[in-house]
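Next comes just one chain, in structure tokens: the form predicted on its own.
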Amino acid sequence: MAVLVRLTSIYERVGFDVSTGLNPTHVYGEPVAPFTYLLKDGEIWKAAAGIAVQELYFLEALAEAWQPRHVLIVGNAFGWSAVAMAMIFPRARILAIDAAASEGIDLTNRIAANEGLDNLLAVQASSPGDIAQLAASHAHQTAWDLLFIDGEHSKEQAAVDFAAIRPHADPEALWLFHDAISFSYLDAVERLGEKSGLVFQPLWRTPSGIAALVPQSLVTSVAPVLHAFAGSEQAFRHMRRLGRFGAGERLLSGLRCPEI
């Protein structure tokens, strides 16, 4: 079963309505429409967002090329990405942390128990303060080899998270920084790659603008997947110019928010 189908069913069964993957032009240009929100009683629950449908698809494509053994997710919210990865990477252990969101932690662990996802655990913890302790208790036998950084989206925090986690991660780990383009910290991730000998690849075709840092040992196996979700930077920047100068709006004027 496709992960989106199963995820949607899971969250609906525990009492939520799910909004995800919407076209911004269908909701008056709302830029966060592609991302995932939980609604309860007609209101957004906890004002937190999960990864977009295209980003779920990226993880599914990645799983066909490579399977990690141990995943650390920094930033859990309500567990959408954690539950997804537990299903997408069934042979991997998934540890998700969040500095606050205790209700989200409880929800994630309840879903894991209900769905038989024995490979998933969510804990309340923060980066960088709790990373060494988490590594000692959870990653002493199998180091983290996929890092999904989705906590505080800033240049400074990206560097702090990387510095705290890397000594405890597998040297050949794959790093994914969510929202790197949307929150303007793409250059910070690029510098981390330059300093650490990891290949930097922005995924232009993901709604949040994920930035990947790839070890040389994985480049061959995951390159086709990364390329499919990156495409050409030239094409991306061409579309930005269309948007900046209004040409795209004129071309697509018929796609203004329809009355429905």
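Owing to the predicted nature of the structure, the values given are computational and were not obtained by experimental measurement. Throughout, we count residues from 1 along the sequence that is shown.
One more form of this protein, predicted together with a small molecule, exists but is not displayed; see below.
Contact annotation: L147 falls outside 4.5 Å of the small molecule in the predicted bound form, judged by heavy atom distances. Using a 4.5 angstroms threshold between heavy atoms, A135 stays clear of the small molecule in the predicted bound form. Residue contact check for H168: none of its heavy atoms lie within 4.5 Å of the small molecule in the predicted bound form. Not displayed here, the small molecule is kept clear of L121 by more than 4.5 Å at the level of heavy atoms in the predicted bound form. Among A180, A86, A158, I73, the residue placing a heavy atom within 4.5 Å of the small molecule in the predicted bound form is I73. With the partner omitted from this view, the residue of D106, E190, E115, E152 that lies near the small molecule in the predicted bound form is E152 [heavy atom within 4.5 Å]. Between 207-215, 41-49, 221-229, 62-70, the stretch whose residues reach within 4.5 angstroms of the small molecule in the predicted bound form through a non-hydrogen atom is 41-49.
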